[in-house]
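In the block that follows, a single chain appears as structure tokens, in the form predicted alone.
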């Protein structure tokens, strides 16, 4: 076990503790910390929601070895499903599950082209789907409000209003934790091993008895469902939705998050989402130059750590393997 693996559990516990305590006002407990302001809580909530959607992309791209530029479309499916059903008076948890279920079903349909085309051809198919969904959201005013958008009220759960930012933040944190542990369970199950085998060598995976077609569809369905779940939280978080967040640009950003964080690593989506959501906020001091600085930082990250930030951290914490005398045996034999 590397030092990095040994630190994983303490780091997870520490991160969860910080996510619970940092936004709250702790002065009542004798701790001189007044908590985050309203905007800080909103940005932290947005990071968690974005991480959920990025987890879905990571499952499809990083574990199953497929390509997708459609996650923003599934975010839109979840967001508008949530907005419409909450407006109709449905309970939040029912709405949350229905948004994920609808994205799951549409994800299966989108997965069928992956059975016939691969790599950049598949990316173009998913890109076309994103454009199609954006046009539907933009033009079907009777359903989505079109360019005028739609107001969304935060739900009341068991008599408790989630209108306060901190209350809704803890709801998002709880749902993120549930979805994170669910995905962890999937990846540690035979499904997860099948996804990895599919990524490494589809032909060999099929020769070992893995139903490649089923697992490709399953990867797209589960990854898309995570986009739907994220959308179900995004709509009441921002309290207003229009077509802009569900266009092609955000889908490219989700792919960037996975690549920068570390495709195929469990922590990658969280770190990538932090780069995409939190880093621009920290660079606001640069005013008009902050986007240029952000772009340069991202390019440097990709140049210096092509395996993502998680890959760089693993290399730092993993001690270099010293060559053993026995390792020279095959080399010497071949030389003879």
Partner chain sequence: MKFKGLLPFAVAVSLAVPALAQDIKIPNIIELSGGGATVGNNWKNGSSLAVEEINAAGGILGKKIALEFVDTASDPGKARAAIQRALDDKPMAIFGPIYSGSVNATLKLTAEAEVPQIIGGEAANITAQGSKYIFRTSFGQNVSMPKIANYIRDGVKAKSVAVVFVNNDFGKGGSTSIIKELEARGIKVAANISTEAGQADFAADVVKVKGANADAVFIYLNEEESARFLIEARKQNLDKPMLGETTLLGQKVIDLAKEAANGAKGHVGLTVDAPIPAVQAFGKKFEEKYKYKSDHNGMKGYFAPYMLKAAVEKAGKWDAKAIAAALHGLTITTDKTPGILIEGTWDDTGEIDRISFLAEIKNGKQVITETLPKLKK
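Since the model is a prediction, treat every value here as computed from it, not as a measurement. Positions refer to the first chain, counted from 1.
Heads up, the form predicted together with the partner chain isn't pictured, but that's what we're talking about next.
The single contact residue among 221, 85, 238, 210, judged by any heavy atom lying within 4.5 Å of the partner chain in the model of the complex, is 238. Of the residues 283, 44, 274, 267, just one reaches the partner chain in the model of the complex with a heavy atom at 4.5 Å or closer; this is 283. Residues placing heavy atoms within 4.5 Å of the partner chain in the model of the complex fall in a single listed stretch, namely 136-144, out of 136-144, 98-106, 169-177, 186-194.
A residue is said to contact a partner when one of its heavy atoms sits within 4.5 Å of a partner heavy atom; residue 29 fails this definition for the partner chain in the model of the complex, lying far away.
In the model of the complex, the partner chain sits within 4.5 Å of a heavy atom belonging to residue 39. When the partner chain is considered in the model of the complex, residue 206 lies well away from it, no heavy atom lying within 4.5 Å. When the partner chain is considered in the model of the complex, residue 312 lines it closely, a heavy atom lying within 4.5 Å. Contacts between 239-260 and the partner chain, taken as any heavy atom within 4.5 Å in the model of the complex, involve 239, 240, 242, 244, 245.
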